[in-house]
Every structure is written in C-alpha cells, then in structure tokens.
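The chain below stands alone, shown as structure tokens; this is the form predicted alone.
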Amino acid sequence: MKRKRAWVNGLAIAVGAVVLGGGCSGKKAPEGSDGATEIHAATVKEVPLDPAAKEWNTARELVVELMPQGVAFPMLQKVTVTKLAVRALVDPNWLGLKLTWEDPSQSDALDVDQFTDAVAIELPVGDPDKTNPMMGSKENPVYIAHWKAAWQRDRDTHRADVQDRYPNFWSDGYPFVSGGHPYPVQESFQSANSRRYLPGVAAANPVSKLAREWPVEELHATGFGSLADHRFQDARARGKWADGKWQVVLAVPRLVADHANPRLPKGAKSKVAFAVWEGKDGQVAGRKQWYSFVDLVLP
C-alpha cells in the first residue's frame, strides 16, 4: 500500500503502510571497513541512545551499499543515499543499532509535497532463514522500527503545529476545545468530544498521535499491504543531524511479551534489513533506498 496524505484544517494526516523491501534481494553480502560481512553486536553495560557515546566505538562497523526500491509503487529511480554504516550493541534488555548516512540537508518538517528524513530496520519474527525481506509472510512475519526526523524534532523542541509553519493562519472555533486561537493541538483537544474534529485522531491513526514519547514507531507485517502498528510501543530512538550527516540510534527490546516482537536472547543469530528516506528529494512510502537482510550475531 502507498502512504497517502490528507489535509484537515491544515493538519497533515498520513494513512496506509510503508513498504520496507522491494527490488533485488540477491545482492552480494556487504563488507565492512575491516572486511566483515556480518553485524556482530558488542556487549555493554547499558546501550546508549546518544549516537556520540563512546561505547559505539567498541562495535565493529558494517557499511552496506543501498539499492533503489523498485517493486512497489511509488518506486525510487535512483539512490540519493548510497551507503549506510551500521554498528550494534547489546545489554541485558536492549539491542541497539546505530545507523549513519550522509545527508547534506536536514529535512524534519512536513507540508504539502514536503517530506521528512527517515530510517527503518526490519527483523524477522519467525525463522530468519525463511523470512522474506520484502515485508515477510504469514508464516514468517517481520518486525519494523521506523524513525522519522519530524518526530525527532517534535521531541527535541515541541510538537509541530499549523502555526509553526503558517504563523498568520486563522481558523474558526472548534467545538468542545479548551482555550482559544490558535488552538494548539496538544493543549486544546483534550476531551473525547473535541477529538472527534481531528479525524486522524478519532480514527486512532497511529501517525496522528497527539503525543509520542519516542521518535520511533513499531510495526509488524505479514506480506505486502499488511503493515500494522503495534499495540505496545516499546522501542526507543534518538537521532542527530550535524555536518551533513545523520546518526540515529534505534533500541529494540530483546524479550517482551508482545509476540509481534522478535526474540533476541543470548547467542541468537538473526538478520536485519534497512531502509532510508531522504525527505528533500520527495522520498516517502516505497520511494526510498534499502538493503536486504544481513546476518546479525548476538554475543
């Protein structure tokens, strides 16, 4: 499915699903800076969410060459992000992946035909050797953690609202809201009756959440068009852009009760795939670069 966007009273609402896989999955395994072809997670006392933390230097880096997604519409004709560097750390409770890629522009705002930078990882929930990297299958589903720069901006500053983009906008009064113009969403739409006038929120669209603790969304899929939001959102993330480069840490719980999450016990061997979106080039939904499964080895 494509991710569609609608505008209601100036508020962008996204619906549908984002395809992680697509394209040729038979590409030769990548080699890291030291000749490695696997991601080996290093053990630390606590996985840091800060991409600049010194603990990340203890993990071996793997660099993959990204490919354009060319199976599901909308497709990407040519990659704009050519390489993604990956490091992995584990502590007793978390698997952390640090993802680094070159991006000369920081795209963290949403508007008509304006999109956000983003990155996602995909992990098998079933048998890693039988899982299709293109959104899995009913027999072997996949787990996805999806970070967006726009959500990171919301967490670092405040939730973006219409007045941030259009400071001179005006709207008529909303029923059942508290306060007055410009009716900031998080403060004014507290009651259930008021939220009826925010269709995305009323429909429980996960992308329309009024508050998000972490700039990451957990999802699962059993094939194309099946992507769904998790009931419980346990993943954590933090991203920083500086000097033309994004550094993002995604932390996934190793063992939780949610059966839609991967199990990552000691000594586990799994796989992980990647996708990157560059907002300034209109990349959204399936229009992205990606890389198929790479072996992930836990200590």
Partner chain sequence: MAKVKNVQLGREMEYPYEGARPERQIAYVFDTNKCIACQTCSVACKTTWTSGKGQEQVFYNNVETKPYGFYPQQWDVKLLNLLGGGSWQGERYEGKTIFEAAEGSERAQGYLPEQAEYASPNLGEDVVAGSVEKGAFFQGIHQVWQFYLARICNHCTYPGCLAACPRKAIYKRPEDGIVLVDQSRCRGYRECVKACPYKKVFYNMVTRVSEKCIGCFPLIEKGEQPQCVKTCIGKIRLQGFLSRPGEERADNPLDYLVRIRKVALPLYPQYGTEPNVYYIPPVHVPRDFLGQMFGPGVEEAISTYRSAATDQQLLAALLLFGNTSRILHGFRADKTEAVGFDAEQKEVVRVPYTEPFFKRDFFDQKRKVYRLNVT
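Positions refer to the first chain, counted from 1. Owing to the predicted nature of the structure, the values given are computational and were not obtained by experimental measurement.
Only in words, not in the display: the form predicted together with the partner chain, which the text now covers.
Review point. Among A85, V125, L110, V79, which has any heavy atom within 4.5 Å of the partner chain in the predicted complex?
Key: So the residue touching the partner chain in the predicted complex, by this definition, is L110.
Point to revise | Residue among S208, T222, T100, Q106 with a heavy atom within 4.5 Å of the partner chain in the predicted complex | key: Contact check passes for S208.
Practice item. Decide yes or no: are H40, W94 and F232 jointly within 4.5 Å of the partner chain in the predicted complex, with each residue judged by its heavy atoms? Key: Looking in the predicted complex, the three residues H40, W94 and F232 all stay beyond 4.5 Å of the partner chain (heavy atoms).
Point to revise | Contact test in the predicted complex: A192 vs the partner chain, heavy atoms, 4.5 Å | key: Because no heavy atom of A192 falls inside 4.5 Å of the partner chain in the predicted complex, the answer is no.
Exercise for review: Please run the contact check for Y183 against the partner chain in the predicted complex: heavy atoms, 4.5 angstroms, yes or no?
Suggested key: Flag for Y183 set to yes.
Practice item. Classify A120 as contacting or not contacting the partner chain in the predicted complex by the rule of any non-hydrogen atom within 4.5 angstroms, answering yes or no. Key: Residue-level check for A120: no, no contact with the partner chain.
Exercise for review: Find out whether any non-hydrogen atom of K138 is located within 4.5 angstroms of the partner chain in the predicted complex, and reply yes or no.
Suggested key: So K138 does not count as contacting the partner chain.
Review point. Within 161-192, which residues have a heavy atom closer than or equal to 4.5 Å from the partner chain in the predicted complex?
Key: Heavy-atom contacts to the partner chain in the predicted complex: D161, V162, Q163, R165, Y166, F169, Y174, P175, P182, Y183, P184, V185, F189.
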